[in-house]
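A single chain, nothing else alongside it, follows as structure tokens in the form predicted on its own.
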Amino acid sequence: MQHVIELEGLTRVYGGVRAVDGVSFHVEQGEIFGFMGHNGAGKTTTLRMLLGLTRPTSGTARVLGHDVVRESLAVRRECGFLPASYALPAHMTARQFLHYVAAMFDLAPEVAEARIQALLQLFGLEAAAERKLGGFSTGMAQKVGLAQALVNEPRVLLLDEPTSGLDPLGRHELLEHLRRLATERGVTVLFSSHILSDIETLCERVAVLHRGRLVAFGPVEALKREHHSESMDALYLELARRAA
């Protein structure tokens, strides 16, 4: 069976430093897969390689059967991506920006408008739709970022710290929406975060990075039992200690 996301020995070296070091794991269709590790562990670099935005030094990766180096445009057409840090165009309104993203995917105007209206409603942005993005709070900007990742109705979502900046209600609503996307539409989600409680709440399987290396991969509950850990925080601390 073909995996939706598959990495084999994926490596990226910057000036002699192995930011990602021989990482291998796979993700199945409709799975919300946790990708956890501290800031700087290599999660963002891995996501960028999966989208063809950063070229691997060695190793391979495929998304929906597409090689991420040779077929990066095909990958990006079928994926939604929320980067951990990005700058929204301050001069655009939220609605204008979402239409701009929709145009990049060549969506028909009527299709784009219907999807954008639904996303504005989903993330509670209707009242702010005509406001310039330069005046948005961190939480509101994060919601716009999540909306743009969903405009093309992607088959795969790559989310880098998606709950950062969200209040507890916004975090809860996002996690519930991701569950619905996975169960009702079969969307595959790679959920990268250092907020381990979110991963524990949402994901059945995880890959754990530490200093660029994969130190654990498998079902959350099985990993907790194996390492005698009651929580994801305790599990990560134990894995980091062993990898030091």
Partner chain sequence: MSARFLWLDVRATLGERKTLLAAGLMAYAVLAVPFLVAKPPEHVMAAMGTWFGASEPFTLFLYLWTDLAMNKLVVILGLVLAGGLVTRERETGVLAVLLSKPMSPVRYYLVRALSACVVMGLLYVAGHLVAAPLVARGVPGFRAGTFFASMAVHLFAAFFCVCFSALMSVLVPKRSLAALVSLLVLFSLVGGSFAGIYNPAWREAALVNPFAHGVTVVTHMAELRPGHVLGSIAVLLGFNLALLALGAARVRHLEV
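Residue numbers count along the first chain shown, from 1. The structure displayed is predicted, hence computed values, not measured ones.
The form predicted together with its partner chain is left out here; the points below concern that form.
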Its partner chain: the contacting residue among 51, 215, 64, 182 in the predicted bound form [heavy atom, 4.5 Å] = 51
Scan 115, 155, 132, 171 and let me know which has any heavy atom within 4.5 Å of its partner chain in the predicted bound form.
-> 132
Tell me which of 120-128, 77-85, 160-168, 135-143 has residues with heavy atoms within 4.5 angstroms of its partner chain in the predicted bound form?
-> 77-85
Is the gap between residue 38 and its partner chain in the predicted bound form 4.5 Å or less for some heavy atom pair?
-> no
Residue 177: touches its partner chain in the predicted bound form, heavy atom cutoff 4.5 angstroms | no
Do residue 55 and its partner chain come within 4.5 Å of each other in the predicted bound form, heavy atoms counted?
-> yes
Going through 89-106 from first to last, which residues have a non-hydrogen atom within 4.5 Å of its partner chain in the predicted bound form?
-> 89, 91, 92, 96, 97, 99, 100, 101, 103, 104, 105, 106
